[in-house]
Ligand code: BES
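As a starting point, one isolated chain is supplied in structure tokens, in the form predicted on its own.
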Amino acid sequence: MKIKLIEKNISDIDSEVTIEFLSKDELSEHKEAEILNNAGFKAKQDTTCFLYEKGIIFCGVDSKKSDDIRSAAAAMINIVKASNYKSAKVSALSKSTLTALVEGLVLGAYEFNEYKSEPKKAALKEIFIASDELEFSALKTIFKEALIVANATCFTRDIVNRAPQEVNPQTLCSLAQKLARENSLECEILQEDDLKKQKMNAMLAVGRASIHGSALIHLSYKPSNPKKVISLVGKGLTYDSGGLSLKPATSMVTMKMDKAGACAVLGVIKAVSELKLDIEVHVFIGAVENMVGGDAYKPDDVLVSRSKTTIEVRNTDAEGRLVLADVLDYAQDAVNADYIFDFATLTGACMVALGQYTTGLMGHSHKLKHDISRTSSDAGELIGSLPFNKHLEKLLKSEIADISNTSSKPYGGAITAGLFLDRFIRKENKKKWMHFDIAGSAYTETPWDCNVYGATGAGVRLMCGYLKNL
């Protein structure tokens, strides 16, 4: 499906279907009001009414603001795809909502059906976005950038959705190398022998029982005279069985999504390089598979991390933080960044605290939290801030090592995981670092907003928006 921006009035564009967004206030004044009323259409958000004989599809919106347009466009595009029409057209409502319209169309139409023997192919080939009243040159820039970010989000979704027998730590390395070639990025891979030299024993322990070797991936985008330098760290658990602290069978299903943090930062650097932002971006990924075997790391093990902090293992299913502890330490040595952001499907507790739609944000800088939260509103990704406090930090105390990998109490689990990572952030970087727990927001089995079944690409639109604002 191709999306084109056309400098014409919508009535002058030849297309089989016309799309209209309609609010409750506009419904009674519309020339088709009687037909819509007879059809029972109330113009509620995301409801649709297809007048096939007229070739018009109406989609209800609560307002003409970005969030409502994005969600409505996603709902509408699936109705059009289910028909046999090949083309559709819609008006660009405003400069401020064009990005949301493009995201709704691209992300709402997304499908991952590579494993289906006979995937259904939609007849829809083209969607035209019409505008002859707005400043077209400005619209073209917005349109191009929105497509880049939306396609990078789909790129992220594709990797997360791939089955665990297809994506392991080594194939994730190959995907990163392919992206580096295609987007002129620098790429360095540290394999297990390199990780041993770096004394990344926490990360190595997690992947010890897997037949696939663990690896650290470092991708770099380096424009001339960058305004800022950003390090993005991603948790790349290509599969998480829980290790010897084995997950229940029902909890193990969907654990292919435990690599979503790594995939998100790959999507961000892809978009940044294509947007040609004057921001230097470094991506660090801990690519590991947490499996069960005779060589598996065990509860009661004591690991010596790269930073020389000793860690008592109380639960092998709290593995992501062990990987990130070493990767964060390495990233701080490798790059003197202005900001360090890590993305990880770290805790089910974050979903308990914030629900499945919201990313948990943790760190020490109130200004950075505020700036990111403001960007999240524009990007259409939901953010909830979870506060650190010294009382929860005490729950990570170990009697035999410097720190325990799990809390001694089952409360505030997302925060205590964030506090564990905080232990590996150096004093001079405390105000530069933010932790994003995307455990709930990275994957869905129930479509919502512009997210279809499966991976959502959480973090890509948010971070691209933030970096553009820098």
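Since we're looking at a predicted model, the values are computed, not measured. Start at 1 with the first residue shown and count on from there.
Another form exists, predicted together with the named molecule; not displayed. Remarks below refer to it.
S.K.: Out of the stretches listed (178 to 186, 368 to 376, 234 to 242, 151 to 159), which one is close to the named molecule in the model of the complex, meaning heavy atoms within 4.5 Å?
M.R.: In the other structure, the partner sits against 234 to 242.
S.K.: Should residue 347 be classed as touching the named molecule in the model of the complex when contacts are defined as heavy atoms within 4.5 Å?
M.R.: Residue 347: yes, in contact with the named molecule in the model of the complex.
S.K.: Is residue 66 close to the named molecule in the model of the complex, meaning a heavy atom pair under 4.5 Å apart or at it?
M.R.: No, residue 66 stays farther than 4.5 Å from the named molecule in the model of the complex.
S.K.: Can you tell me if residue 395 lies within 4.5 angstroms of the named molecule in the model of the complex, counting non-hydrogen atoms only?
M.R.: The answer is no: residue 395 has no heavy atom within 4.5 Å of the named molecule.
S.K.: Answer for residue 321 alone: is it within 4.5 Å of the named molecule in the model of the complex, judged on heavy atom distances?
M.R.: Residue 321 belongs to the contact set for the named molecule.
S.K.: To verify the annotation, which of these, 146, 311, 107, 257, has a non-hydrogen atom within 4.5 Å of the named molecule in the model of the complex?
M.R.: For this set of options, the contacting one is 257.
S.K.: Of 220, 83, 315, 385, which residue is found within 4.5 angstroms of the named molecule in the model of the complex when only non-hydrogen atoms are counted?
M.R.: That would be 315.
S.K.: Each of 247, 351 and 439 near the named molecule in the model of the complex, meaning some heavy atom within 4.5 Å?
M.R.: The answer is yes: all three residues contact the partner (heavy atom, 4.5 Å cut-off).
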